[in-house]
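In the form predicted on its own, a lone chain appears below as structure tokens.
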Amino acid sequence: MDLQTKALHAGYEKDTQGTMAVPIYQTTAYEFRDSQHAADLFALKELGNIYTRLNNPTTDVFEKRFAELEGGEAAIATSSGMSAIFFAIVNAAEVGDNIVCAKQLYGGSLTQTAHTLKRFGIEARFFDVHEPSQIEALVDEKTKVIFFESLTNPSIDVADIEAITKIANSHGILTVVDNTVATPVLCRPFEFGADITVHSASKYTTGQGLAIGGIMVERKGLVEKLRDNPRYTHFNEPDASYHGLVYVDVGLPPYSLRARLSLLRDLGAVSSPFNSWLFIQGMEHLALRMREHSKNALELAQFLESHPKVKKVNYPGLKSNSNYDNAQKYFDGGQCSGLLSFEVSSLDEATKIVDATELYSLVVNIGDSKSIITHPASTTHQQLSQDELNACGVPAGLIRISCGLESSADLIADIKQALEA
């Protein structure tokens, strides 16, 4: 099926009422037929609903549908994008291990990997996304994950996914790709060798800033990379916390299964049924929205590139951009999503422009149907030092814009008056 068809139908078989819309199963628990049925569910002899911290029929549709769009085998919905990233990493790594991350990451991802995970005994090592060869010097026998974004936020760089995954695969290391900004509509990292993708569903998936949530997707056939891999012994040995289960031998997607039975069970960062339902609604028109977001962003980027007050425009749809070739290779039809950034002379100049806009909302979010403007150095990346800001591509004069679905002429006119105010 075509991607747009999957977005409308995948993962849902109409219930006994024949409802066209996926129902919201707003329940905490489920009644078992009898004691044997309950025991069989917990022993995985039979698959079904146990408790909404583990699974829920509405969330199940969201997970299956998103996995179909991404071209994956299974997915785990979480309470936020940050929890999806956390699950993807700690499902592989433990105290004493390390992960290799791109320097160009969303500010929250940088602090989670560099600081929060450090307190869990997991070290983060960083490479420049433009220099995948740097990964080789950072990898050792304790490296469990290579983590990067397909389209970085807010530096707007396009990773060379194939080059990074080739290095990872040569060492038997899992790659985790944050595909939030591109979405599965524009970029499908599994087609270029990636193992796991993560998303903040709070962004383009919902499309209207309605709900917080995340999702982690596992590629098809990942079990063979995990099987007998000395880096991931916990997938190959009995899990004492789940009656000796060996994840690679169950016959179910192992990365997602362990995340569900261990991480969702014990940490509880689960998507609510109502939020899962909202994400399902957003997915139905995601492809249509991404086309319009990309169109508006390109037209705005072209205007900004011609304005004398703008030092630099970061948008890979521009032929002058250093990421243009990668965008043509990895993004469907060269569409580059609705996120762009541009640089002006100073912090004062940047905040003056942000405050002078009228149509744009000053908000720390992206992917809304309404256009958003942000000054990252003083908000989303404020916790970083000046050196860290420069390393991840966030100078003081950088302004980030998430282009919404308004008229591009209106969006350009508002930025023009703000630049010239």
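Everything numeric here is computed off the predicted structure, so don't read it as measured data. Residues carry their position along the shown sequence, with the first being 1.
What comes next is about the form predicted together with pyridoxal-5'-phosphate (PLP), which is not displayed.
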For this session: May I ask whether Tyr106, Thr180 and Ser202 each come within 4.5 Å of pyridoxal-5'-phosphate (PLP) in the predicted bound form, counting any non-hydrogen atom?
Result: yes
Problem set entry | Residue among Gly72, Pro184, Gly213, Pro316 with a heavy atom within 4.5 Å of pyridoxal-5'-phosphate (PLP) in the predicted bound form | Gly213
Exercise. Among Ser80, Ser272, Thr351, Thr143, which has at least one heavy atom within 4.5 Å of pyridoxal-5'-phosphate (PLP) in the predicted bound form?
Worked result: Ser80
For this session: Answer yes if any heavy atom of Val394 is within 4.5 Å of a heavy atom of pyridoxal-5'-phosphate (PLP) in the predicted bound form; otherwise answer no.
Result: no
Exercise. Is Asp157 close to pyridoxal-5'-phosphate (PLP) in the predicted bound form, meaning a heavy atom pair under 4.5 Å apart or at it?
Worked result: no
Exercise. Is the gap between Ile85 and pyridoxal-5'-phosphate (PLP) in the predicted bound form 4.5 Å or less for some heavy atom pair?
Worked result: yes
For this session: Answer for Glu149 alone: is it within 4.5 Å of pyridoxal-5'-phosphate (PLP) in the predicted bound form, judged on heavy atom distances?
Result: yes
Exercise. Okay, which stretch from 202 to 210, 187 to 195, 245 to 253, 341 to 349 lines pyridoxal-5'-phosphate (PLP) in the predicted bound form, with non-hydrogen atoms inside 4.5 Å?
Worked result: 202 to 210
Exercise. Listed by sequence position, which residues of 345 to 379 have a non-hydrogen atom within 4.5 angstroms of pyridoxal-5'-phosphate (PLP) in the predicted bound form?
Worked result: Ile366
